[in-house]
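Here you get one chain, nothing else, as C-alpha cells; it is the form predicted on its own.
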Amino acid sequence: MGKKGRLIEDIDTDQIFHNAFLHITELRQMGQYALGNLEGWKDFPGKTGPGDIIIAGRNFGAGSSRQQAVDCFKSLQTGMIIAPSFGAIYFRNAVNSGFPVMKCSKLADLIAGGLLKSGDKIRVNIRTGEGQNQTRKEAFFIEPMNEVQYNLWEVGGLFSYAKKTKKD
C-alpha cells in the first residue's frame, strides 16, 4: 500500500526491478533492488522481512516479461503479493516460479472499510482464500490459488514440477 494507506496501481516491472540491474543473475543479490524505481519506495528492501505480504493495487507487474521482477521478491523471502489484478506476464512468471501471487477483487473495499492497513499482521490460507488480520482480529477472503497454481507453488515452480512429474 502507499504511504497514505491507498493502493498503488499500475506498478510496472521497471519500477519493481530497474533495467539497470538486469545484469545481476544471483537471486540472493536481486532483493536489494526491489521497488528501487518506484518513487517513495527505494528503501523497501531495508524495511521488509521474510514472510511479509505486499498489498498492491490493480495491474501489479504490468509491462515486460522481466523475471527479475518476481525473483527480487523471492530473494527477500516475501510471503506473497495480493492485488486485485496482475499484469498477465508477471502473473504467469510468478506462478511458474512458485511464488504466491493472490488476487482479491475487493481489496480496495477491505482497505476503505479499515479491515487492512499498512503494517497489519495478516495470514492467508492459499488453498481456501481465508484471511485473518491478526492485528485487528478480523477475517477476510481473497481468491484462493487454483489447483495448478497450488501444485507449482507446493514444489517450488514449474521446473521442479516437471522434474517431479517425470519421476512419477
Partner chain sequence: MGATFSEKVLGAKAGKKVKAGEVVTVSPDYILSHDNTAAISQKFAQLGVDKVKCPDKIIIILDHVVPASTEKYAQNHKIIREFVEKQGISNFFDIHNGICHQVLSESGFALPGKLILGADSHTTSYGAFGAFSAGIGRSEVASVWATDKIWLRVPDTIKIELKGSFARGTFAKDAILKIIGEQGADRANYKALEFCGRAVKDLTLASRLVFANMAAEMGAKNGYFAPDSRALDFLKQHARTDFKPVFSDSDAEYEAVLKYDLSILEPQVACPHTVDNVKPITEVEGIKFHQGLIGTCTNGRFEDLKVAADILRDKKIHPAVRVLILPASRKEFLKALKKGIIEVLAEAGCVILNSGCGPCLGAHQGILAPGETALSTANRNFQGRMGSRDSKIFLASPATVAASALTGKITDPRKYL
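From a predicted model like this one, the values you see are computed outputs, not experimental measurements. Numbering follows the first chain given and starts at 1.
Keep in mind that the form predicted in complex with its partner chain is missing from the display, and what follows is about it.
If you check its partner chain in the predicted bound form, you find a heavy atom from every one of 86, 93 and 158 within 4.5 Å. None of the heavy atoms of residue 134 is located within 4.5 Å of its partner chain in the predicted bound form.
Within 4.5 Å of any heavy atom of its partner chain in the predicted bound form lies no heavy atom of residue 154. When contacts are judged by a 4.5 Å heavy atom cut-off, residue 37 counts as touching its partner chain in the predicted bound form. Though the partner is left out of this view, residue 31 does not reach within 4.5 Å of its partner chain in the predicted bound form, counting heavy atoms only. The candidate stretches are 126-134, 96-104, 111-119, 46-54, and the one lying within 4.5 Å of its partner chain in the predicted bound form by heavy atoms is 96-104. Along 119-149, one residue reaches a heavy atom to within 4.5 Å of its partner chain in the predicted bound form: 148.
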